[in-house]
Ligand code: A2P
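In the block that follows, a single chain appears as structure tokens, in the form predicted alone.
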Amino acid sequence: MPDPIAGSQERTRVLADGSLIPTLGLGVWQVPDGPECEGAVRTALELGYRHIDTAQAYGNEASVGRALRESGVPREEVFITTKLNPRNRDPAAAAEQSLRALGVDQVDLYIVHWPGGGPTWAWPGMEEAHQRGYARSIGVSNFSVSELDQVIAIATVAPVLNQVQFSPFEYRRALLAACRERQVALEAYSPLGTGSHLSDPTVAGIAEALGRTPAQVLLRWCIQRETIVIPKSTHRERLAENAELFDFALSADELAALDALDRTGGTERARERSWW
């Protein structure tokens, strides 16, 4: 079958260290370890996805690795992200454990999952994981501008990415602008609001006018805001639908209408309330 992601210059982005990351990925947060996770990853790879995002805290790295091996897709064609659980106080040792669980020699991106215990303590260990070749690139997640700046100030190897909650409803303009200024890619998680954003009248109206689905409109907004996006689904039809983002565009008026849905005041924060 044709690759729905192929044929668009938007489908990849060059990170500050020169690594290439697909702009659309599959997130596997809250997908149970075992057949459900393996099935979602295998299906995504069959549909042309080449970016899978997992984490130590998710407990499903082994399933991601099994699905990758069983898919027949060469390892070098798939961008794999995992995240340090800050409760693991040795980032390099934790990365080595993740590699064993995934069954790979290296991950493409290793990021600090949240700034637990403060934003900087983990970074020397992240750099050690990078130096040992456990991770091609390193970054952070759920870091505000001030937390990001604290890491950059002590870094020998700067973070290349900040993964945060981001959608028209969480349009963190100041954080996005600061990341751009610092050459840190912003990656959007929960772009569909775990489903809660799909029924919004503005989103639904734009989708109907374009002959698209609400999910496609929300994900396309992220792409046009120059972010990387990692929606989660375990259903084949939704995985296929979420990949069909590169053959249409939102107009300036449609973007503005979606921008106006923001509930954060254009914040530089990564979260309104911490969950750690």
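Numbering starts at 1 and follows the sequence shown. The structure presented is a predicted model; accordingly, all values stated were derived computationally and were not measured.
Absent from the display: the form predicted together with the ligand. The rest refers to it.
Proximity to the ligand in the predicted bound form, taken as a non-hydrogen atom within 4.5 angstroms, holds for one residue of G195, G116, G103, P124, which is G195. This chain lacks the partner; the member of S190, S137, S144, N85 within 4.5 angstroms of the ligand in the predicted bound form by a non-hydrogen atom is S190. Each of A215, P231 and N242 is positioned with at least one heavy atom within 4.5 Å of the ligand in the predicted bound form. With the ligand left out of view, the stretch that reaches within 4.5 Å of it through heavy atoms in the predicted bound form is, among 247 to 255, 234 to 242, 203 to 211, 56 to 64, 234 to 242.
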